[in-house]
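Take a look at this one chain, the form predicted on its own, written out in structure tokens.
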């Protein structure tokens, strides 16, 4: 059981990577919009798609952690 808890803790660390990635992407998108305000719509679309993919990775890690805790 202890090994399962450690594995679940490691799986949850995917949220850290997702948070860093989303923060970096948001900063770069803000810079891009400041340089080219007329392209804000396209930049926001790309930003939201990237954030959704990064957040999906964090959710997969969370689900994996739950499965390890409750099924393992």
Partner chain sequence: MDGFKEALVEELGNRIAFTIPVLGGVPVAESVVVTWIVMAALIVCALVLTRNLRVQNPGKGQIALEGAVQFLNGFVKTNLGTHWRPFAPYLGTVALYIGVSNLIGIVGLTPPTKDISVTAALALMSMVLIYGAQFRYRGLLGGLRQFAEPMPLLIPINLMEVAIRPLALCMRLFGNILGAFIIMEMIKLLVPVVLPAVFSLYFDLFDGLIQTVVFVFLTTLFTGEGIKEEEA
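Positions refer to the first chain, counted from 1. Keep in mind the model is a prediction, meaning the values are calculated, not measured.
Keep in mind the form predicted together with its partner chain is missing from the figure; the text below concerns it.
> If the cut-off is 4.5 angstroms on heavy atoms, which of these, 9, 56, 23, 17, is the one near its partner chain in the predicted bound form?
The residue from 9, 56, 23, 17 that makes the contact is 56.
> Find out whether any non-hydrogen atom of residue 66 is located within 4.5 angstroms of its partner chain in the predicted bound form, and reply yes or no.
Yes, residue 66 lies within 4.5 Å of its partner chain in the predicted bound form.
> Going by a heavy atom distance of 4.5 Å, is residue 13 a contact of its partner chain in the predicted bound form?
No.
> Can any non-hydrogen atom of residue 30 be found within 4.5 angstroms of its partner chain in the predicted bound form?
No, no contact at 4.5 Å.
> So, in the predicted bound form, is residue 45 in contact with its partner chain at a 4.5 angstroms heavy atom limit?
Yes - in the predicted bound form, heavy atoms of residue 45 and its partner chain come within 4.5 Å of each other.
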